[in-house]
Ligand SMILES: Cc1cc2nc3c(=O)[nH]c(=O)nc-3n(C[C@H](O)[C@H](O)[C@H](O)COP(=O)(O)OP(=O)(O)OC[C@H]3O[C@@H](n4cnc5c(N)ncnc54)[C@H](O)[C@@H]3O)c2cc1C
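Starting off, we have a lone chain in the form predicted alone, written out as structure tokens.
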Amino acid sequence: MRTKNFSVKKEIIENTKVSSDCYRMTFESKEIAGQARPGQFLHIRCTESYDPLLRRPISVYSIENNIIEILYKVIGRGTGLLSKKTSGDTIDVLGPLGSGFDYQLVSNCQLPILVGGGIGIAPLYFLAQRLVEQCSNVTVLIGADTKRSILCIDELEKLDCKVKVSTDDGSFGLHGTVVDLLRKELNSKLKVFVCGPVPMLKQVNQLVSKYNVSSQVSLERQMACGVGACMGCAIKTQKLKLKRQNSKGKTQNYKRVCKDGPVFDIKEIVWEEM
């Protein structure tokens, strides 16, 4: 279901550092709050000027009482500038954009399991907020490189989610990856929602394919326009509405992450091309 989007300028309520390279920002927007669905994103201008030129796509982390929260990682110059903003500064936001998760469960026969790698947990918290309204058994698997990088455990536990954690260095939870956690939990009755780096997503795809488990993936992708016009975020898929000719004249099928996604059925993506 498509939602109406808005271009708004809002005053920042808070912009707080939550780990060595991650920040949580809040602002109020009745317009966006009334439309946004889990899995959608906001396109945010990082400064008051056009330098840097392009907005940055950031997932909606949480919405409550018209207060929008985003959780973002400082990766480059744009998000670095965004992290310098303080309470009272103005933020220029376009959104909500893209497609969200289809999180309606099939009665009690389907149990949701959320799988987040690193900052990939960001869109999954908003999803967890909605899932606990219809299911009392929501499991969230969080993967991080080390204990200091783990995000959102307290918030998820306050929602009464069952939370399990893995770290690459073994400093907290399972010594391994979040895919290792999923392997222990996986069965045919689950509905999987996942977000994280592409190598992790490829492993999840291989795993859920063996069980034929219903799975949706939120892709993290660089975006220019954010509204599907530039085709800069196009990915190859199995069955697509958009077609483009490659240099050899063969037809290839593409979808735009910003417009057709960022949420896709995991089976739809041609992972070999990612």
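The first residue of the shown sequence is 1; numbering continues from there. This is a predicted model, so every value here is computed, not measured.
What comes next is about the form predicted together with the ligand, which is not displayed.
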Exercise. Is there a heavy atom of K191 lying 4.5 Å or less from a heavy atom of the ligand in the predicted complex?
Worked result: no
Exercise. Is there any non-hydrogen atom of K236 lying within 4.5 Å of the ligand in the predicted complex?
Worked result: no
For this session: Answer for R56 alone: is it within 4.5 Å of the ligand in the predicted complex, judged on heavy atom distances?
Result: yes
Exercise. Would G76 sit within 4.5 Å of the ligand in the predicted complex, counting heavy atoms only?
Worked result: yes
Exercise. Should the three residues I119, A122 and Q222 be counted as contacting the ligand in the predicted complex, with contact defined as a heavy atom within 4.5 Å for each?
Worked result: yes
Exercise. Pick from I113, L156, L71, I142: which residue has any heavy atom within 4.5 angstroms of the ligand in the predicted complex?
Worked result: L71
Problem set entry | Location of the ligand contact in the predicted complex, chosen stretch of 177-185, 128-136, 78-86, 161-169 [non-hydrogen atom, 4.5 Å] | 78-86
